[in-house]
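Shown here is one chain on its own, the form predicted alone, set out as structure tokens.
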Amino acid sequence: MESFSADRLNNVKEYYFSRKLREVSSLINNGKPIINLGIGNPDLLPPETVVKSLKKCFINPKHSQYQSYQGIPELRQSISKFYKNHYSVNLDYRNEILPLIGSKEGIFHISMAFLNPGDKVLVPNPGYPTYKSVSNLIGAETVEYKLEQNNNWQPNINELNNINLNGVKLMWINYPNMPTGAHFQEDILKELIEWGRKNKILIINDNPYSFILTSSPKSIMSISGSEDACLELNSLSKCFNMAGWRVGMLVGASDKIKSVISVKTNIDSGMFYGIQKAAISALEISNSWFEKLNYEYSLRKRLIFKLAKKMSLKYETNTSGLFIWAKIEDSLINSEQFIDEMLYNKHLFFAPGNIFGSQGEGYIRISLCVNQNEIKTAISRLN
């Protein structure tokens, strides 16, 4: 029978982790003691006040009704205060903030709002695969720009100027960076914003890791000139251990937020009230939460370094975020071969660097979302 699938599916593949985790699950079901160090899925609990806020919302039937497409005003006010307190960014809660059901949906909404079929999008290599797949789904053309270790995994303006920019409307960036852990570098991003303004390219920073193993959280919206030239996605998934709660946000100029709202209102019917109230509790929490969280991640990071040494991998220590980006020294083995060797021989699963782009070949990504005892067990398997 002829396929009923839309032609756009010819341009995308099933997400790597969707496919590979079925393989990992099959091994686990067959009794293999797999330790999953490949996924950035926080294993720690959210703040206690967050859970309490959610519980309070189950007793009022109104809370189970449809909610505002733009989120309740109190949530937008909390996001505004959060940006002011942590990033020194002033946002009008009425029209410069849009809560999202996870920031991943924001990538789709932004692309739908600003891209026509045939438009071009700059995506990082290596980078989050969703930037490319969403662009392909809506018929836009992706143009990769290289991130390289010798440039601290930062955009290179000279190389960007060598790209044919005709038809380019959007550029995705991600700092603190995933998968490399590269830091937010304000001087480079300031230059990038000026370049984007000159070339009439909207720059979107995807910023879910700004509190993980960083001493001073930063937002691209704090840089002069970003107000009408940039948008920023953010999320509660990583910094508050709320990945499954699906709470994100988009911030930026009111006219651009309005365009995204036009898309969003035709796709969902608002976020559950209890989740919004829980998000408010998270956003209002004291800095001691981040100190405690990062203390745990710093201990795990030291253990991951020991694990990486056991595998003869090279890595940088001055990084942020939930991952260690490590280079395979053996030039005769590629990323996926290395991953499969570890999976089937040592029962350890990592993410191969090539799934993030060709610049990731020869690297693997190791997650910090595994408790210390499991990391120690992983180390022992390599002795």
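Each residue number is its position in the shown sequence, starting from 1. Please read all numbers here as calculations on a predicted model, not as lab measurements.
The same protein has a further form, the form predicted in complex with a small molecule, not shown here; the description that follows concerns it.
This chain appears without its partner; in the model of the complex, the one residue of Tyr128, Tyr145, Phe114, Phe108 with a heavy atom within 4.5 Å of the small molecule is Tyr128. Lys104 is the sole member of Lys301, Lys104, Lys277, Lys256 with a non-hydrogen atom lying within 4.5 angstroms of the small molecule in the model of the complex. Contact annotation for Ser226: none of its heavy atoms lies within 4.5 Å of the small molecule in the model of the complex. For the chain shown alone, Lys120 is not a contact residue for the small molecule in the model of the complex, no non-hydrogen atom being within 4.5 angstroms. Although the partner is absent here, Tyr83 sits far enough away that none of its heavy atoms falls within 4.5 Å of the small molecule in the model of the complex. Interface residue remark: Asp206 is counted as part of the site for the small molecule in the model of the complex, having a heavy atom within 4.5 Å. Comment: 232-240 is the region of 154-162, 217-225, 196-204, 232-240 lying near the small molecule in the model of the complex, near meaning a non-hydrogen atom within 4.5 Å. Remark: all three candidate residues (Asn174, Met178 and Arg246) come within 4.5 Å of the small molecule in the model of the complex, counting heavy atoms only.
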